[in-house]
Each structure stands twice: as structure tokens, then as C-alpha cells.
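What follows is one chain in C-alpha cells, specifically the form predicted alone.
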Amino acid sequence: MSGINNFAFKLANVNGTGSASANGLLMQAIFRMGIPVSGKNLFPSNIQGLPTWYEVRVNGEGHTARTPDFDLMVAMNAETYGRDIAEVVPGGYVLYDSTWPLDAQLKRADVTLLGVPFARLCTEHFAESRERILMKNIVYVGTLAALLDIDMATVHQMLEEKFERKPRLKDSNRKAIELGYRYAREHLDCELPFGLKAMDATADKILIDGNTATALGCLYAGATVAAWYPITPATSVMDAFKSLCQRFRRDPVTGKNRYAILQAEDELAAIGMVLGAAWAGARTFTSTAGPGVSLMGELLGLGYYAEVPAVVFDVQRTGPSTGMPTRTQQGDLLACAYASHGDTKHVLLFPCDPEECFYFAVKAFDLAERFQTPVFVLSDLDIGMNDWAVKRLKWDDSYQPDRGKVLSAAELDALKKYYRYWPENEDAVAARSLPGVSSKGAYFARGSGHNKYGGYTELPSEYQEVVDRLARKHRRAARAVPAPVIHRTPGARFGIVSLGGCDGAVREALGLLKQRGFLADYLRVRAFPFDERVEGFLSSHDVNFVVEQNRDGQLRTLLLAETSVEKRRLKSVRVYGGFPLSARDVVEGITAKLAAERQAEREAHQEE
């Protein structure tokens, strides 16, 4: 890396010191200069006191995946100096607080140290102790603006916007930034081998996190009821939805709310509320993470068997059990695909970034009501809680929700008799009725055995008839879910298969592999059940590398279970330590397996 608009820097700090504001300011300033940029927040699962890092990658070509190579380290946490300085590439730089001397053992001959007395500057210019702590991080924004050539007019404009109604905070932030900027200009050699130059590559893009985009999609989809229990990293979905509803779901005349958001006592209660509201006709959802999905299991089975639409947003984190709540993973695929006991199969959607979180949220409600079943949208912490530069979201005002087959009062009255689960349509779905529309549409259904007419049964033939139709319904959903994305490369030797937030790293890795002489086709799975294009892609390659972020190769397991592809064709490349995937992870994983295969072939040839 190391060049104009092609470098990465990392900010090492302590959780609870206000570093998030400073880091966000840096990200947004670079973005407003028209330069492609991405940020990864690696924070601890406590409130304050533990180390936290923020990684910023600047890449003029638009690559957004995490990089493990850092040209500059802003070391603000003495507890992690050793680890932080070790991560800097040879020839890189370390910016640290020189208020106190740096241990000689931490110095590296191949790294340039840039000392700025951040704490002393704040002590001299700010009176309150808390303000000194917070402003120390803002001071390094000014220093980095000088070192990296960040446009100061952009920074000042952002301060005006952010603190428009808080002039005191605006003044203190401006003062802190100017302190850092002036010190760098007067005391440091600011001619670094990398830096920023304004571009025009972000004009059609926005910075947004996946959880906010998800909430916006729910609003546009017409969701009016939500139930949840707080859990990292999904809480901000509901926070954002609440803010949006307060603005757009209030009657302009009476001021009354036209929405209901309920914080339940636990996740089991939350999904129960969602199913109840959906049964009554509302578009409704819950947001959660892996532990919440585990608790919801029994009622998810009820939703599947009683055929009640519901949408579940699972922002995946590292498991099992409590795991690492503030680290990312893709470990819930199997848990969601087969959630609940007995024979259940759910529809899953896999967005790769906040843009798809928005569109897939809308799609999820349409699928849930069309197929009368719970639908999962599986994001992850990296997508959900980090800011991504994505295309501006667009909306078609002619959109009409797909409510599925819902009988009106006139349609019900025209029937001789209404049966809840018969007859089925081309999607293997029977028409539903909503309570209060007509007494003719009243029915009673429970989670125990029922026949196609909705009556209780324990007869094997009647039970099997119902669950076999549910299986047909799930298979037919494959035609309605988002299609897989396939990139073909002439002369490709193998295929790469992935999903979700792995996409950016895999697409970057394709170029790096090509430079090494390895040509590959790429399939990004966007939904389950799989359509015939997924199986066709897998069958067209002798070897497919399945890239995913979990220990057990859950996507590979799902592909083997739900397609007829031979096991030998699917090879796992797994990265599951909790950090977002990098292109290096993909390249090293694939080339290592290719080298192992070549070695095995040589040994087999020698034995012959």
C-alpha cells in the first residue's frame, strides 16, 4: 500500500474516552473529500476501560475489506503500545502521546516515531478534567489532518453541522483540532510517503451502517409493529427504527403514534409478540443476535407450522454461548435455516453491505407474507455496526407490498366454507384470513397436529400431507428470493463461493489471485433455499472454495445438505477469529489448499 489515497491507519485507544466521535469525524472528512474509505470499529464488550481500535482504510480503487497492514498507528493507549507498534508495516509511522517518554524497548528501527504531547496540550488549554480526556482524541484529529493533508475546510464544516445547537462544544472541538494541527505543522515533518488528495469517487454514495439501513428498509416496507430485547450488536436496529417512526409514523393532525415498539422481557416473548401482531395483519419484525435466535426456537417453529409471517433480523456475532459479543462472525446459518425442533426450514437472506440490508429488509416482508412463514435476514456485526460507503439508496414510489393471499370480507362471504390450510396455490400456500374481517374467516390453529382443513389430527397421513406441503412451499420460495450473484472469468480453474460480508474481501482477492496466475469464477449466495443456478455453478467446477466466517463450514454444510453436489467439489476456507475478513485471508487460505493438493498429487505420483 503506502501512497496517495492508498494506505491504512489504525487508532488505538481506551473504550469510554470519546474516541468514537474523533474517529467518525476522520472517516467522514475523508469521505467528503470524494475518496473511497472504510472503517472498522473493534471495541470491547464492556462499557469502558478496555482497549478499543478503529481501523481506517483509504483505497482509491474502492476496496472496502479490512486490511491487516497499517502504514500509520495512532497509539493512544499505553497498555497496548507493544501490540500496536508491532502491527505497523516496515517503513511505517507511529503517532503517540509524548507527554510521557516511550519505553526504549518499544522502539523499532524500521518505524518512524512521531511524538505529540496530547495530554499536556489539553491540560494547558482546557480546564475541566473530563473535557481534557475527551479533547485529547480531538487533538489527534487535527494532527492527522496536518499529516495526511485532510481538507480543514471540510472538517470545520462538519463541526458546524454537528454542533449547530451546541456552540460551546463546537468551540472546544475547533480549539482542540487547531491545537493538534498547529503543533504538527510547527514540530513534525509532515512529508509522509502517503496521504490524501481530493477525488470525485463518492458523489453518488453515502456513509451508513447496516443497522440503520435495515431500520430504514423496515420503515419503507410498511412495518408498524416491532418487539425486541436489547442485545449486541442488534440493538441499534431498533434504536434507528424508533427514531424513524417518531418522525414519520405519527399522525400529523392528532400527533398520535401509528406504530408500536415493545421491549419484551426476553427474546422468546419478543418473537411471540411479533407472531401475534403478524397474525392480526401487521407488518412486524424483531431484531436480535445468535443467543436471541436460540431462545426464540420454539415459537419460530410455531410460526413455521401455523404459517404466520414474521421477519427476524439476526445481526450475527461470535459464539457459542455469550461468545464475544462485539466481534463479528457468520455462525448462525444452520441455527436459522433449521430453527426449532422437528422438521423446519426457513427462508434466509444474506445481505453483503448496508445497501442490501435496506433492499433485503423490504424483500423479507414481501417473502414472509407471500409464503406465510418466518423469514430471516442474516447480517453481521461488521455490516451492522460499521459505516460503509454504499450507493445512494433509491426507492420506487409505485411499490406495492406483496401481502400474499389474504381473503377480503367479500371473498370470505362468497365461500361455502373457509379452510385455513386448503386449497393451496402455485406457491403451495393456502389463503389466510385476518381477525375481525368476517366471522366466516374465523379459525383456531395451534402448534399441535392439524390437517389441511385446520382441524386437530394425529393421523399420520393427514399430518404428513400438511408438512409435505410446507416442504414444497419452501422449495418454491427459491424462485422468489434474491438471485445469486455470479462472476465468470474466462479460463477459470476453480470456483469461489461466499456470502454476506465476505464479499468485499473475496472480490479483492480475485484480483490478487489473478496476479499470481490463478483465475477463478465467483458465486455469492444471497438466499436460502438455493435455486438451480447455485447447484449449476458448483457442478461446473471440479473444486469450489467455500469462504465463510465460522469454524464448522456452515455454508458448505448447507450446500452439501440442500444440493446434490459431490462433497469432493467443496473445500472450506474459514476465518472465524472475530475480525472482519481481509483479502489476504482469502488468498492465503486458497493458495495454501492449492499447494497442499499439488503436494498430494506429487506424492501419489511418486508412489505409482
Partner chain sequence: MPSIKKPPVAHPSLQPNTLGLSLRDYEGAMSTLCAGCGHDSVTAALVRTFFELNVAPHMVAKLSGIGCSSKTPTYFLTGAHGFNSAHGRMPALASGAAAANRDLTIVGISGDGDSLSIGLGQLCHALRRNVRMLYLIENNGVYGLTKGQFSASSDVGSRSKKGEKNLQRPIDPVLLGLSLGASFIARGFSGDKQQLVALLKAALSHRGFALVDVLSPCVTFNDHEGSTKSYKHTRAHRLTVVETDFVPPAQEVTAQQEPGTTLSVTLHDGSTVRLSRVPEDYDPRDRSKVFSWLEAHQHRGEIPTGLLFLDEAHGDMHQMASTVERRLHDLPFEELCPGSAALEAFQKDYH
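Numbering follows the first chain given and starts at 1. Worth saying up front: this structure is predicted, and the values here are computed from it rather than measured.
This next part talks about the form predicted together with its partner chain, which is not shown.
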T212 within 4.5 Å of its partner chain in the predicted bound form, heavy atoms: yes
Q157, heavy atom within 4.5 angstroms of its partner chain in the predicted bound form: no
Close approach of R182 to its partner chain in the predicted bound form, 4.5 Å, heavy atom: no
Close approach of A410 to its partner chain in the predicted bound form, 4.5 Å, heavy atom: no
Sole residue of N386, Q330, S433, N77 within 4.5 Å of its partner chain in the predicted bound form, by heavy atom: S433
Candidate from R403, H474, K452, K162 lying within 4.5 Å of its partner chain in the predicted bound form - any heavy atom: R403
Region of this chain that lies against its partner chain in the predicted bound form, out of 372-380, 230-238, 441-449, 133-141 [heavy atom, 4.5 Å]: 441-449
Whether Y304, E465 and K593 all lie within 4.5 angstroms of its partner chain in the predicted bound form by heavy atom: no
Residues from 394-430 in contact with its partner chain (non-hydrogen atom within 4.5 Å) in the predicted bound form: K394, W395, D397, Y399, Q400, P401, R403
